[in-house]
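As a starting point, one isolated chain is supplied in structure tokens, in the form predicted on its own.
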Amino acid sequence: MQTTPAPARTPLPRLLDARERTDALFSLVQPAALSQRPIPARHRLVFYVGHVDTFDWNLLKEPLGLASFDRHLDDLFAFGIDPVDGGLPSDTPVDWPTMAQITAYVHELRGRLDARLRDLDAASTPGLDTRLLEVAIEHRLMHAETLAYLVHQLPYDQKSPQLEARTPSTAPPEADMVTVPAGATVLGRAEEDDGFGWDNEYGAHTVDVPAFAIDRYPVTNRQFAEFVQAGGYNAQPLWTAEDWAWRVHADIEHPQFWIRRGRRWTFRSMFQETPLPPDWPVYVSHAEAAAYARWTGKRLPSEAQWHRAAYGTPDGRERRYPWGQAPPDPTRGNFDFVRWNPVSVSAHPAGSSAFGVMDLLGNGWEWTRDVFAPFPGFSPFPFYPGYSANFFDGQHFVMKGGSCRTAACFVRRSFRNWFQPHYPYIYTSFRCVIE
């Protein structure tokens, strides 16, 4: 299998491009709304204004020979995960620095970092692990997506309206399944592979996968509406005990992005409410996806099954991408910030796998049934030991593929995303398998 090309040697232009992504998201938010907390378990938006740059600073300042100029803010904006384990944060807007203070801090640290990076040849800089630069860039691009989840939940009048490119809604394709013959698939990256990978991606190993059938397309809004109408949210046997307790406690009765208007459903897109497109993939939590799968008599795929369906071929070889060796482009899927919304699950036939499985990269991450865990020989990054290891807790599930707000670098075959099963705000769909 061919490996990912090595990244460009000059880091600053790529870092600046990533900055433009996060800066553009913050510019969408009305200034007064930056103090809001759109998702109850997450930080206020003002935290992330400081965090995405503080992460770069804390990661790179010592290797680049720079000294801290505000240790308080270095610590305050250090970590961007959910702020309180098992509960909700209790801070108030006045507990945070003013936007003027944060803007001045960010301006200063960017200037110091950029001066050192401008003409940097990382390979000849003593003590600088070249992976640090990739971590800084990809971390920011990850936040370009997670920030979209947060901004998505703001009321429309707290955002600057943007033109949302739309394709006409069509009838959803006929739901059918593809038979994938038994075969082997390789999960993970090898140490000798070119390009960058996060620590959890390494540990290449072969998994033998028995024959199975998999949905050709992700589950659509129309299909999921049948589950809702049939009373799936009230059928306790379809849910695990933990998932049912969450559903009842949170009073979950339909997908987070759906709004009931009398007898019809609408979709809450980033900037406007629209009639629910039947041919778009449904965005749901792992708990909701698993309940739907049980309702159909199927189950969610394993990570290995998803890989086999996406990258395998009838002759036993594996592809770099579902469609082959060519790099990602907009004809292959809905990713890399081209759109704010999904499109029809049948919109990108050029992205089909060798087995005819469609819409694998972009348009919505896809849940698997596998708990996020290390591959054989896992070794954490010494400069970011908790990136993956903190989430090997049995409480997170692997997601594959990507969404419309996923950067192209993350649709590499080894990339693994993960989330808790009761988090309904993310751009994640699913498909089912029969074994």
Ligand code: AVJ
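So that there is no doubt, residue numbering starts at 1 and follows the sequence shown. Model, not experiment: these values are computed from the prediction.
Just so it is clear, the following notes concern the form predicted together with N,N,N-trimethyl-histidine, a form of the same protein that is not shown.
Practice item. Tell me the stretch among 384-392, 22-30, 400-408, 59-67 that has any heavy atom within 4.5 angstroms of N,N,N-trimethyl-histidine in the predicted complex. Key: Of the stretches listed, the one contacting the partner is 384-392.
Practice item. Quick one: from Arg294, Arg131, Arg112, His139, grab the residue that has a heavy atom within 4.5 Å of N,N,N-trimethyl-histidine in the predicted complex. Key: After the contact test, the surviving option is His139.
Review point. Just one of Lys159, His254, Arg299, His143 has a heavy atom within 4.5 Å of N,N,N-trimethyl-histidine in the predicted complex. Which one?
Key: Here the answer is residue option His143.
Review point. So, in the predicted complex, is His51 in contact with N,N,N-trimethyl-histidine at a 4.5 angstroms heavy atom limit?
Key: Yes, contact at 4.5 Å.
Practice item. Tell me, yes or no, whether Trp418 is in contact with N,N,N-trimethyl-histidine in the predicted complex, where a contact means a heavy atom of each within 4.5 Å. Key: It does: once N,N,N-trimethyl-histidine is placed as it appears in the predicted complex, Trp418 has a heavy atom within 4.5 Å of it.
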